[in-house]
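The chain below stands alone, shown as structure tokens; this is the form predicted alone.
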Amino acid sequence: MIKQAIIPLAGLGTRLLPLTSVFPKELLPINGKPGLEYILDECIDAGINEIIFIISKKKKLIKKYFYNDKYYKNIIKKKKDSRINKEYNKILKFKKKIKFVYQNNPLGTGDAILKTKNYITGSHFLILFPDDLIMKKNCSKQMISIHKKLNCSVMASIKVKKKNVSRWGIYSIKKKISKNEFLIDDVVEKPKINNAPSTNAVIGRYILPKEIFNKLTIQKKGIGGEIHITDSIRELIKEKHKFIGHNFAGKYLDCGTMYGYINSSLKISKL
């Protein structure tokens, strides 16, 4: 059973400047709640016991958010406000499940995941990218159920417009397994429009095998001079590791751009 999750948080968040010049994008409020907490709620509801945050020295505010006990205790003592007490207790529950590792040089998602190698104990683990919110249905829970049934790796998937394929990892389908699941034949990181194998995009939820670390250790830099998790996944697929694409049922919100961030608050307020 999958009990560990990794959340990469070391990115610079340049698409949300100037907000992120002083504040981590993951702590920016979305409909009155830090975006990161939506991801944490999804993890906990999916049965995850340990969550590994990948941060950098520039993102220490994220750690402080969960370790600001003295401040909360002083405020609670003075204010006697039940709402503040409730929020503090929620943070304490989160803190019990969180560990921190550091990626101080932005060398890509693959390099970030590799930093957690010594913390992963199970055969498979979950990755969630905080720019991608999936509301109403718990995507991670659905993927864990598929993994348990098929004993394989799983990646969340949506169809995207052909003109936008260069933003995503794009996969091709080997065969259809069920209404919403597909056996993946290949995956390419940010392909050019004419080279994209399909318009099936991998969204920020993965269940990966521990063997991915062996590939990441020797993975060469790819597009943009970074180490991409997609390139190592591709190597595992070539070695006949089974990867399933899962068309999730929830409402997808892209929070990684200024438009997406603003739009996400509006959408969530109406859910």
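These numbers were taken from a predicted model, which means no experiment stands behind them. Start at 1 with the first residue shown and count on from there.
The protein also exists as the form predicted in complex with a small molecule; that form is not presented, and the subsequent description refers to it.
Note on contacts: among 73, 99, 167, 90, the single residue with a heavy atom within 4.5 Å of the small molecule in the predicted bound form is 167. Picking from 124 to 132, 139 to 147, 172 to 180, 79 to 87 the stretch near the small molecule in the predicted bound form, with a 4.5 Å limit on heavy atoms, gives 124 to 132. Among residues of the shown chain, residue 190 is one whose heavy atoms approach the small molecule to within 4.5 Å in the predicted bound form. Using a 4.5 Å cutoff between non-hydrogen atoms, residue 53 does not count as a contact of the small molecule in the predicted bound form. The shortest heavy atom separation between residue 15 and the small molecule in the predicted bound form is within 4.5 Å. Within this chain, residue 206 lines the site of the small molecule in the predicted bound form, having a heavy atom no more than 4.5 Å away.
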